[in-house]
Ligand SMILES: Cc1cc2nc3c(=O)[nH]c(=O)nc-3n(C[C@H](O)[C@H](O)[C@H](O)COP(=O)(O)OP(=O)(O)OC[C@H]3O[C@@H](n4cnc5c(N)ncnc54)[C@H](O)[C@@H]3O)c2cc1C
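Shown below, as structure tokens, is a lone chain in the form predicted on its own; questions about how it binds or moves come after it.
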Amino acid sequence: MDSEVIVIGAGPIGIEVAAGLKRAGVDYLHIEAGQLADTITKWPRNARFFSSPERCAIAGVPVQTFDQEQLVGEVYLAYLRNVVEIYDLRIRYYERATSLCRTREGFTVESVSRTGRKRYTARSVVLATGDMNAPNRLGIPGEDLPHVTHRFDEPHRYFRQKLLVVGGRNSALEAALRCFRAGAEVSLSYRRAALDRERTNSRLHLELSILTGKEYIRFYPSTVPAEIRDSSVVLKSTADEERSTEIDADFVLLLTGFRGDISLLREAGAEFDGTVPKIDMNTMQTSVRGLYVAGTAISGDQNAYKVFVATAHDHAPKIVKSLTGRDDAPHGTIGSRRYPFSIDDIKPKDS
């Protein structure tokens, strides 16, 4: 065996798993398809987390911010680099896992990097590959035009331009709000009849409700793009298929969510409920003995984001305990840095 455990993916939870394995003295190998926390490097500039700093902290290393507010992506990347250096974690960057096969002794992982193809063996594998590997495409005419994108990077490019934002979750609302403030003429298309208060950040929901109510941002509820043209978009009604509207648009942001890559899990023989892997939540082990999943990757490729970094901190200690029998509790004794946190804590409470 090349190692006892192979960890695939070096986002926050992948790093947390690696730190736990190193503390436990486990011989492991860690590969990452891009750079450290590659998904976060693709976030819009200066995008803020919705979770508080203490819930974004990993591996027992606290996060302090100069303004005591939510972290921005760039600050968090610096923090993650610091965690990797504190623990001196050895990660093979820009090496993509291409195959995962079950063997009699464990697993075989094949990968490709800039220096060629590699093959590793291990008794166990931890997949921490996230859930944002590829955008949810609409499959409509014009989706690949140069003024159309599935990722929002920064608002300046849309200054005094007519921008259509498609979507109704936090990423779409944040992009619409930031571009409006940067001087864009923003329209918002959403397939539902109204913005969902329970599925969006309360601040974003409030501000967008005010701006759309006053028509500073034009809102097209119950619509989906049917065709994107050079300078306009045809919106089709989801309530009445016979009805459509054509609106002017210099740029189009299709913020319709992302999906995870579940191909490695399927190749290894893991069982699924639909597209969600079956996991023992006490150990994070899949139906394949020795194959674990951590972080937002447990959502499979579904577009229902029920797992966040903030609610996945129990994954690493569960995996370490399953592999070694050792508890891997976070360092420190301050209660506010260690309090349990789950998706139920952020659900709206009935009044």
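The structure presented is a predicted model; accordingly, all values stated were derived computationally and were not measured. From 1 onward, residues are counted along the sequence shown.
The same protein also has a form predicted in complex with the ligand, omitted here; what follows describes it.
- In the predicted bound form, at least one heavy atom of residue 130 sits within 4.5 Å of a heavy atom of the ligand.
- In the predicted bound form, none of the heavy atoms of residue 290 sits within 4.5 Å of a heavy atom of the ligand.
- Contact annotation: residue 33 falls within 4.5 Å of the ligand in the predicted bound form, judged by heavy atom distances.
- The shortest heavy atom separation between residue 8 and the ligand in the predicted bound form is within 4.5 Å.
- Note on contacts: among 29, 26, 61, 40, the single residue with a heavy atom within 4.5 Å of the ligand in the predicted bound form is 40.
- Partner proximity in the predicted bound form, defined as non-hydrogen atoms within 4.5 angstroms of the ligand, places exactly one of 230-238, 208-216, 93-101, 268-276 at the interface: 93-101.
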